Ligand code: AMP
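Starting off, we have a lone chain in the form predicted on its own, written out as structure tokens.
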């Protein structure tokens, strides 16, 4: 069957003209076994009516979607990697496959790939993605969305029947190709590339594209003012994402300028981790030996990357207005952390200094006691409304401590934000919905050793139940 009436193709990237992407051919794979299909997002964008054969044709063979991009586009960009500039980057194992409108809010969405074959920017790589990598992408995106982080959505994963050699996991290992939804594939590094080549015309075209399709509120009569307004809005989006990672206890691992996009969505989940305990020095990537992108450094890393974006567009505006735009990051970050923290703890905000007092007291306690981070949020969801449950639970010894009395005093004036949720079986259960590295490895082991996908399916169902309980399931949103 063709896409449904909710499918609204809107391929806009070609209007930028040449110099922004290269037409590429997708890899041909020995087999296509569907391992993941997100029906909730397929429905939102009108692709839920596709049968199995159509889904395979479009998302494993990459035949164009109706009325969409005629060929895949490997996007051009540069980037700072661990602080060092690299002009040899670009889409090396992925491409922009299609663009369409969100059936719920009308925003432009990009369908991008990972593991779809080598491109001119593969730098000697094979352009493939391991199946384990695809599973990890699914898990990260699902739990981040459930915890309120603005993230890409993994729409489809096909196992592709190849055996890959990788140095960081047992080889040969299985392969896959994935398709993800995001609101923009424009990366900070996209602007850096054209600044590097001193191509002011293409820099201006990028600004115009970003404003037209993603940030219409930035539009001004003058390009210099428009550019500064764009950077301010991007800084606020990036601040919200950095804050959401902080409260979710998420460590991205590789926050290079090519791994941050203009619309603020988190994406590209390689060596990620969720924190077992509150530890500012925790790192996700085994190769990050100096803690360059440690958990506690992530907000500053994002701000530093924003500075590189501002440098790239400086030829279009002036330094003083860009500095003012970047100045929006810090207050936006702190406000977003406060909102996200109270939301995760299930407390209604008061809108005064007491909100910061609760957050500061909790983080001081968590840093000192090093208890299970997810257990803390689970035990004390709703604050004092959960006291009996928390003090009878397995972490009760942590709460029988003078330092914790400061926490309880701090949230005394805060009411539960959604007390009805405490009656849900989730909060009557034994453990929080977590995704620490040992569980990720166990889920993968079931697949690698026995081809058993049931544990992964059960985990995704649990995450989605958590998301629905907390109002973050896209399938329950009203469709137009």
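Everything numeric in this text was worked out from a predicted model, so none of it was measured. Residue numbers count along the first chain shown, from 1.
Another form exists, predicted together with ligand AMP; not displayed. Remarks below refer to it.
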Legend entry - Location of ligand AMP contact in the predicted complex, chosen stretch of 313-321, 73-81, 295-303, 231-239 [non-hydrogen atom, 4.5 Å]: 73-81
Inset, instruction - Only one of 150, 169, 126, 208 comes within 4.5 Å of ligand AMP in the predicted complex by heavy atoms, so just point that one out. - result: 126
Inset, instruction - Would you kindly say which of 103, 90, 383, 249 lies with a heavy atom within 4.5 Å of ligand AMP in the predicted complex? - result: 90
Inset, instruction - Please state whether every one of the three residues 122, 259 and 268 places a non-hydrogen atom within 4.5 angstroms of ligand AMP in the predicted complex. - result: yes
Legend entry - Contact of residue 254 with ligand AMP in the predicted complex (heavy atom, 4.5 Å): yes
